[in-house]
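Only one chain is shown below, in structure tokens, and it's the form predicted alone.
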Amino acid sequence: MVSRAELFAEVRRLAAVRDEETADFDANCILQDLLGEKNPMFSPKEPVPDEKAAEILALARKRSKGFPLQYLLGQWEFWGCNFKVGEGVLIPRPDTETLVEQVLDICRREGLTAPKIADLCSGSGCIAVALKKELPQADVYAVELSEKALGYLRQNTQLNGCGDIHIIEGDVLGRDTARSLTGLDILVSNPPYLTAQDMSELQTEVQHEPATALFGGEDGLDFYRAMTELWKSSIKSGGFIAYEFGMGQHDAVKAILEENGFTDVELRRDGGGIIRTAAAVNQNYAAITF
């Protein structure tokens, strides 16, 4: 049997084939997950059973070929919660916590303790779950079309004790879906926003993620144009819309919001200093009951 130290060294070597900078992190994550210990290298001389070592090395080899670490582990953390992930669902990213923070700040400022919130393009459910955890009295709806993503969405709401989130299988670009949700205090979304050029230059890891959750049309703004026009009547007058978007898209998203009657657009930067989210007020459209 190989020792933990020897196994770590080999896993790190394989991970470094893909990315030397993250090799230590990747190797540690794989050993943590497969050995079920937070600090597996506290016992570096401890032997690892052959079958377990083979399983660990198999994951390391897949990582060396650019397979996402998150998919290898089958889960990833977001907002202090664990989310099941795999092929067919977008991996939660730290940048998206900026969107959650902005929505929570709105709720604090406006005194919204039990808002009605719709999370469009919900995917893994990371946004919906994070908001429900922070606003337990909120009435949260998670809208998703992909059958694969819906499986993870259902798992993750249950896993994180948020089984009362309303999951809607529907097309966010469909008028019937928008008509099914009215009187919203807040609409939040991290829709697909990669451009055609972005899609042609994807890193190997990102190529494993579902293209339908990434591609936002030639300029990356198709979903913002369509959703803003379609869903504005579902938001209360004085209610809010909040979007995440890609680097450099903030001016275009701000213009789309203003063209659709939203005002007081607030832009926010993520931890890397990139303008990542926008929130705006629905001043001109009273909610319509269909």
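In this text, residue numbers run from 1 along the sequence as written. Since we're looking at a predicted model, the values are computed, not measured.
The following text describes the form predicted in complex with a small molecule, which does not appear among the structures shown.
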Checklist entry - Considering A196, L104, L173, L214, which brings a non-hydrogen atom within 4.5 Å of the small molecule in the predicted bound form? => result L214
Checklist outcome for this item: Students should find that, of L184, L72, I168, L90, the residue having a non-hydrogen atom no more than 4.5 angstroms from the small molecule in the predicted bound form is L90
Next on the checklist: Counting any heavy atom within 4.5 Å as contact, can you tell me which stretch out of 105 to 113, 184 to 192, 125 to 133, 146 to 154 lines the small molecule in the predicted bound form?
Outcome noted: 184 to 192
Item to check | Partner proximity in the predicted bound form: E244 to the small molecule, non-hydrogen atom cutoff 4.5 Å | outcome: yes
Next on the checklist: Please tell me whether any heavy atom belonging to V206 falls inside 4.5 Å of a heavy atom of the small molecule, as the geometry stands in the predicted bound form.
Outcome noted: yes
